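Take a look at this one chain, the form predicted alone, written out in structure tokens.
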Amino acid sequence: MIFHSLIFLCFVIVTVITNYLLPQRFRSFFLLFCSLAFIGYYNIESLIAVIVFSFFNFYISRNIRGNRFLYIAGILLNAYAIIMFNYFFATRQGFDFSYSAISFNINSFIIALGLSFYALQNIAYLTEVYFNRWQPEISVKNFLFYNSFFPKVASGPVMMPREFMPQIDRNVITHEKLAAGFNRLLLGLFKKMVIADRLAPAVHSIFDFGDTNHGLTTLAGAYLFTIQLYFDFSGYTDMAIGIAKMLGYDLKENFNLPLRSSSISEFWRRWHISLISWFTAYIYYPLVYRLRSYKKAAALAGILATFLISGAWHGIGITFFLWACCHIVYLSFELLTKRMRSGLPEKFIYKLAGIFIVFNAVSFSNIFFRSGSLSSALQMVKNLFSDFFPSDWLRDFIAPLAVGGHQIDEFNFYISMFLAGAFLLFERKINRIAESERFSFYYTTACVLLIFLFGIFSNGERFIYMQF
């Protein structure tokens, strides 16, 4: 049941209406049933996984205080679960381990939906309980709901216990929340179907069939993947937040105009906020505090550990390791040159230059993030620094990006570029409208028309972060 499929939208409509009509005391039971049904529809293995790991973490948390062995065992088992379900691929022919990057067209027979995300939540929960910062949950129903709530189960946002658990039995549904949720849902559908899925063929063409592309064409492909990834993942997040709001719950914001960042550190404060908050709270700060006597070296060690683990969380392959290394280098350079850069004047031109540099740096690292193998990633990097400008603009630049040289291919490519560019230009204003708690006829009409006119309804891409 894909998030932007017709069957899922029908499921959401029925769930929202029924939940609204139910007395408040029955809503969490109803939504738990709907969440488990959603996961089971995806595949039965995912349903078994979420139930087993929820029960395990619930019962271990009841006895974890003062028991260091039990705490470490719980952390290791959740980490082991991430490795097992993300990097061991079960097929009808056998059970294999893959050292390569996660495929962007997964054909695995068994994929545990959202396990990487709720495993992080469970680690956070056990840690908070162990250090006496949170009382262990007394309701197994509520804990299972915390892990399986269907808007966030597939790709987050990652919610800490104190951010979500108090809402479970106190959810309040108002007309303002229904309007705000509907607006965000529409925004997410627009981002996914009108922009991300329209860019997907161009990205696929460059990354999967672009061994002989010129440097400028390769660079354009890297740019487009960064934009596609942003619209794809932020579109999912908008849908998750919107659906949750209509059901009476508030999820954490995950993006804050990240493509306008003028430094890499600012980028990571704006991109995948819930995940980086988790890594900051449970890896970076504890390590830096333990090594605090080493001052700047402690911060560098924190950056190193945080991004190496982040890379491993995304995938064990060498490409994810190199992606992590890129950001380790970027952030370390920023840290070491912070005093020197603080003397730069606060002018618009410097801000603009910073945005340009950050976007290029992130896009370069995303070559490793997106490539299916080390050899294809290195080939793309080689292409960037050789034979940069195409000799035939139509054949060597437009045709690979437009996935064909016909007029209709060019038209679709230009439309995609225009829609993405226009959205990014007016993103702040569009977000304000989408976050409004009032229904807007003009906003709704515009979104629906754009989705039906330009949206990809057939052969739409699966959300990228559903594979992690």
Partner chain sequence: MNTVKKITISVAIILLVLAGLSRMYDFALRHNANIKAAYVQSAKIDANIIFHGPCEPLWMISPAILDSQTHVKSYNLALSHSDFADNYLHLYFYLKHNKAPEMMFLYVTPESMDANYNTFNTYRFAAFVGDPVVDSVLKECDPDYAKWSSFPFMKYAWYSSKVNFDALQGLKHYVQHRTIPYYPDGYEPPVQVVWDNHLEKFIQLYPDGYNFEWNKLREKYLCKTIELAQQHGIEVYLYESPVLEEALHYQPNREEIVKKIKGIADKYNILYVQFDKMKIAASRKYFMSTLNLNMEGSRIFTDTLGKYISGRLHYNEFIRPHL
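What you see is a predicted model, and the numbers here were worked out from it, not measured in a lab. Residue numbers count along the first chain shown, from 1.
Below: the form predicted together with its partner chain, not depicted.
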| All of T337, F356 and V381 with a heavy atom within 4.5 Å of its partner chain in the predicted complex | no
| request: Would you kindly say which of F423, F56, F439, F30 lies with a heavy atom within 4.5 Å of its partner chain in the predicted complex? | output: F439
| message | Please tell me which of R68, H406, R62, K429 lies within 4.5 Å of its partner chain in the predicted complex, judged by heavy atoms. | response | H406
| Would F418 count as touching its partner chain in the predicted complex under a 4.5 Å heavy atom rule? | no
| According to a 4.5 angstroms non-hydrogen atom cut-off, is I13 in contact with its partner chain in the predicted complex? | no
| field | Contact of F457 with its partner chain in the predicted complex (heavy atom, 4.5 Å) | value | yes
| task | Examine Y20 and determine whether its closest non-hydrogen atom to its partner chain in the predicted complex is within 4.5 angstroms. | result | no
